[in-house]
Each structure stands twice: as C-alpha cells, then as structure tokens.
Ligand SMILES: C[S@@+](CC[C@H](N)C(=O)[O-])C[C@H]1O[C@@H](n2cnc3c(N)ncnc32)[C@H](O)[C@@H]1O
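Just the one chain here, the form predicted on its own, laid out as structure tokens.
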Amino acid sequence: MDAQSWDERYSAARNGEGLWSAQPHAALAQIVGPLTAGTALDVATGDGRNAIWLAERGWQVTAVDFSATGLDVARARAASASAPRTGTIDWQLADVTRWDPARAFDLVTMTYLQLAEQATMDIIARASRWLVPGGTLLVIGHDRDNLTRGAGGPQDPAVLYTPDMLRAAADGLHIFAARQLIRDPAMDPEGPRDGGHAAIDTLLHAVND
C-alpha cells in the first residue's frame, strides 16, 4: 500500500479506536526496558505507539513514517498520553525505503513493516548501519507460519517474515535472537480489535558489536 492508501486508512479510523494498539509491543518493552535510555529511531512508526512509550522512558526518539495522517494521529496520541514524557519525539514524514538518517542511534526499532522479502532485507541491512557501536536493533513482524498456524496479519506470504530471513539481513551484527514469537492478541494486541487465537510473529534482536 502507498502513502495515500495509508492516509485513507488512518482517516477512516480517527474517530474510532485507531488502527493500532496504544500499548507498545510486549516483546519490545521487555527487551528495551532494561536498556539505558539514549537515542532511538522508530522505523515506520505508524501512529506512534512504540515511539511514545520510548519517549515516556527518557529516549530521544526519531519516528519516521510515510503517512502524514498516521503521524497526525501519533502526535495527538503523544499529546494526550497519561504518562509524562521525559524524552523527546522528532516526527519525520518520509518513506523509509528511500530515507537515511543524519546520525546513528543507540536503538533502532521496526515493528510490522511488511514489505516484499528483498525490500525487508534491504532496510534491515541499512538499519544495521544506523547503529552506534553497542547499539541495539529490534525487528518484529508477522511470521510466514502465521498464515497456517496463527491469526490476523497480512495474508500474502510474500510480505511475511522468517527467522532465517531476518538473520541473513542482519549479517555483521551479533544476533541474540532470530526466532518465532507466539503472541496472544488479547494480551498483546497489534490493533484495538485484536483477540482470539494466538498470532505468530518473528523477532530479531541484534547488537552492533
């Protein structure tokens, strides 16, 4: 889907519950929670749930997405968040497949950016170069096995992840985990209407040693 299509999706949801959960992904919170806050890049931030959570914990966040309407929702969410922000968020409108930051980061996160396999591998490889020494890369997306053993998510296998794919894309980093992750949508929803059967995600956790 292009930026205009995503703008239309966000516009249709603005008076309702929104497209995505207001809570951060549970695996992201678990892995990032113990880290010392620094600079973070949230790739394809959507309506900002992970960026806002990071800023509430003191991170200086750059949050990038190609949907202007999605970023409007994200700004509104950030303004109305109940927890005070001790960090900052720099919202940037850009297509991450053609965008490069002007600096490196202590943390780069990417959740549910579902592109064709080569495009996904390319952006993960580029994101690996956006890390400072010792920086953390965290990628989470819908796994290919979700089609047959999970629930929700895209139904096109061409845009779904596998652990081997993410491991290969992060070549050169120290990989702590590249594995499937079973997610209970009722407890850790991707969107406000999630629930029911478990979903299968793919998790990549790597560090620039």
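Bear in mind that the values here come from a model prediction, so they are computed numbers and not experimental data. From 1 onward, residues are counted along the sequence shown.
Form predicted in complex with the ligand: not shown, discussed below.
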Sole residue of 72, 90, 95, 122 within 4.5 Å of the ligand in the predicted complex, by heavy atom
95
Can you pick out, from 32, 178, 160, 44, the residue that has a heavy atom within 4.5 Å of the ligand in the predicted complex?
44
Heavy atom to heavy atom, is residue 113 within 4.5 Å of the ligand in the predicted complex?
yes
Even though the ligand is not shown here, does residue 143 get within 4.5 Å of it in the predicted complex, heavy atoms only?
no
Since only the chain is shown here, I'm wondering whether residue 53 would be in contact with the ligand in the predicted complex (any heavy atom pair within 4.5 Å).
no
Quick one: is residue 167 in contact with the ligand in the predicted complex, heavy atoms, 4.5 Å cut-off?
no
Only one of 61-69, 33-41, 167-175, 145-153 has heavy atoms within 4.5 Å of the ligand in the predicted complex; I'd like to know which.
61-69
